[in-house]
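For reference, the chain that follows is the form predicted alone, supplied as structure tokens.
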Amino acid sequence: MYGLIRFFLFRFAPERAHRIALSLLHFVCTLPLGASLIRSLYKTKSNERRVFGLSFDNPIGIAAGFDKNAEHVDVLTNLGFGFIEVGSVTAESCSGNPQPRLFRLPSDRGIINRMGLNNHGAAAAVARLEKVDRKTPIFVNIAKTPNPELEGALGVEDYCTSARLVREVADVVVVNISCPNSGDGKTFEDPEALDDLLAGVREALTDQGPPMVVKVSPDLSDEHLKQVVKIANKYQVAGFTATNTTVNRDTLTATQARLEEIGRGGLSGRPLHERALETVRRLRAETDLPIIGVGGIMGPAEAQSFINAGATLVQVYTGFIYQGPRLIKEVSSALPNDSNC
């Protein structure tokens, strides 16, 4: 059935299709027994994990970017996700980059985006999360407001403002240090900048606050990744997410003309998978902390490859766009039970 829905949705520009799909899901869930029907269709088998001191019904989450403003947590939970990550949210609201800024690559099962961290701001997300009927762990992804004037200490304080806002509603805070679409082209993966950032966020979250996870790029060199892990360990980071999107387009089958038409942006989906998988392997060689594997999961095989490489949990986004809600059920059913992860 999702094939027909996707055929309809792909007639629209990607951002509009995203809004239509979520509006339809909300509408069905408001009907008598609608939410119950959705849950029955996509109910996953028990495949529990205990990670970060939290219980997960299954190890499959929705990645950041799908629900930037925490507007859809309840309805997404009905689809069987084991956890929901909202954001990225920033201290100030942002309109993001000019449209068009989201592009499908159907032949590659990929997406290129340069959204520019469009979101309503951390305070708005917090207000919504305070009203959510919590049935699954909620991760909140924070990033720097894409304002080139917020450099150095100002950039750190921007992150810290978000951390202080979300710490009461987040089960886990994900620090996005690697977004390639923030507008100013800068990230906090530079070792000196990262040290200052994690010191500030660690203090903002307090010792009683939620666990802190760092999200890394798939484009880091081995030495750079080792430095990130070393600095993260100084500030009691609870784990890592691997990975964000990539700027590398070497494996795409899309024509050069199409890629030039699209322009810059981060690539996700099937073409990202091998790079993300290798990043998980490299991280596992450097740390015993939990790793969340994300990038190009189109079915159980890719999810299992992340687990085999050392991931504890996995996330989907682009695969969810192309495969639909059945992806969560298929992956959860195929992965072996391992409640000791």
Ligand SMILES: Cc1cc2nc3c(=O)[nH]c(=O)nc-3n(C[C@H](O)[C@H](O)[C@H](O)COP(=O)(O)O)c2cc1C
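A residue's number is simply how far along the shown sequence it sits, counting from 1. Just so it is clear, the structure is predicted and the values come from calculations on it, not from any experiment.
The next section is about a form of this same protein that is not shown, the form predicted in complex with the ligand.
**Student:** Mind telling me which stretch in 125-133, 230-238, 82-90, 203-211 gets its heavy atoms within 4.5 Å of the ligand in the predicted bound form?
**Tutor:** Residues of 82-90 come within 4.5 Å of the partner.
**Student:** With a cut-off of 4.5 Å between heavy atoms, is N176 one of the residues that contacts the ligand in the predicted bound form?
**Tutor:** Although the ligand is absent here, N176 would touch it in the predicted bound form, with heavy atoms inside 4.5 Å.
**Student:** Taking any heavy atom pair closer than or equal to 4.5 Å as contact, tell me whether I111 reaches the ligand in the predicted bound form.
**Tutor:** I111 belongs to the contact set for the ligand.
**Student:** Does the ligand come within 4.5 Å of any heavy atom of S217 in the predicted bound form?
**Tutor:** S217 lies outside the contact set for the ligand.
**Student:** Although the partner isn't part of this model, could you tell me whether G65 comes within 4.5 Å of the ligand in the predicted bound form, counting any heavy atom of the residue?
**Tutor:** Result yes; G65 sits at the interface with the ligand in the predicted bound form.
**Student:** Select from the listed residues M115, L105, C94, V169 the one whose heavy atoms reach within 4.5 Å of the ligand in the predicted bound form.
**Tutor:** None of the others qualify; the residue that does is M115.
**Student:** Would you kindly say which of A70, V316, A303, I291 lies with a heavy atom within 4.5 Å of the ligand in the predicted bound form?
**Tutor:** When the ligand is considered in the predicted bound form, the option within 4.5 Å is V316.
**Student:** Quick one: which residues from 258-295 get a non-hydrogen atom within 4.5 Å of the ligand in the predicted bound form?
**Tutor:** Heavy-atom contacts within 4.5 Å come from S268, G269, L272, V294, G295.
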